[in-house]
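As structure tokens, one chain now follows by itself in the form predicted alone.
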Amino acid sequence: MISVGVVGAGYWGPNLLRNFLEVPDTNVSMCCDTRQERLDFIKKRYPSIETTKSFDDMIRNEKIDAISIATHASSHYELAKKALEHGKHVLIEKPITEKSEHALELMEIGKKNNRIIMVGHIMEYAGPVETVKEMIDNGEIGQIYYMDSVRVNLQPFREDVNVLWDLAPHDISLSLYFLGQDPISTYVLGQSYVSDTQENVAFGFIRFPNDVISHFHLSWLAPMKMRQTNIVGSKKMVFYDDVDNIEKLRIFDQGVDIEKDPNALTERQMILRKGNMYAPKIDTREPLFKEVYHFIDCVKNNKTPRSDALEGWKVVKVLEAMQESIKSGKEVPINLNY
């Protein structure tokens, strides 16, 4: 039996708690939050779970094997460091930290203490994403030309972070997961149309080797919720709509074929290929359940998580380069050597 403590009982913490309780041989022993009303909410729903305002109570509890951190990003580093130093495995919501050097430090502490660190890059555990990854790996999509994503909504503006740090981790982690390569550079245009301090709209791209581009549009200021990703390959094209409850994933057998024609005026002829579209069967289980199940499996069997601390560090490095690009108005190189 793996015993888990959940830190943060706001919006996401209760979702984590609920899913941990559904994982076999797993128990949530304690929930921590500084707000008594949130602890009262947890206690009313789950009477058997101990609640506390003190994080020290949790990390000093020898019965707790792992801690799930669902607080503001500004507290991730301090909480995770304490948990690791007290011998706890750690699941941290994205981004892993606000500074890349802090993420590296957590990696070293985790290695030193032989503790698992996993980052909640939840999109990697969504059924459509896993299907696309399998198609990429088996060559069905062909050479990836580019990715294009839209992640927008009309939602409350955050004061602690801008739209990049709030939404971009999803698209950065997806790009890294799908392409299996480290990015080279990034260029971002961001603007604040309502708040005076935080950018609430951003457009940009991440450049990868072999001229592959991952383009993104992020906004808290849009008329409707959109969570869409296009992946264009040499063999097939993919449209992923996370908001669509019927066909989240559509595969298009479309593209451009270049053929040599000895009878043509030119040596090469471009032929548009417009084949069929189909919606494959996907795993419909809740991504968060699959994420926490994977975390517990890694803890039990000392396995490296799919979204490990190294990937979390890479995402933060890209975010830092994006932020620099917004301020400078220039394309910024990304160095992922450490």
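Quantities reported herein were computed from a predicted structural model and do not represent experimental measurements. Just count from 1 along the sequence shown to find any residue number.
Another form exists, predicted in complex with a small molecule; not displayed. Remarks below refer to it.
With the small molecule left out of view, the stretch that reaches within 4.5 Å of it through heavy atoms in the model of the complex is, among 176 to 184, 98 to 106, 114 to 122, 131 to 139, 114 to 122. Only one of the listed residues (N153, S75, S192, S234) places a non-hydrogen atom within 4.5 angstroms of the small molecule in the model of the complex, and that residue is S75. Note on contacts: among R207, R158, H86, H217, the single residue with a heavy atom within 4.5 Å of the small molecule in the model of the complex is R158. The small molecule is not shown here, and in the model of the complex it never comes within 4.5 Å of any heavy atom of V212.
Within 4.5 Å of some heavy atom of the small molecule in the model of the complex lies at least one heavy atom of R35.
By the criterion of a heavy atom within 4.5 Å, T71 is counted among the residues contacting the small molecule in the model of the complex. In the model of the complex, the small molecule sits within 4.5 Å of a heavy atom belonging to V7.
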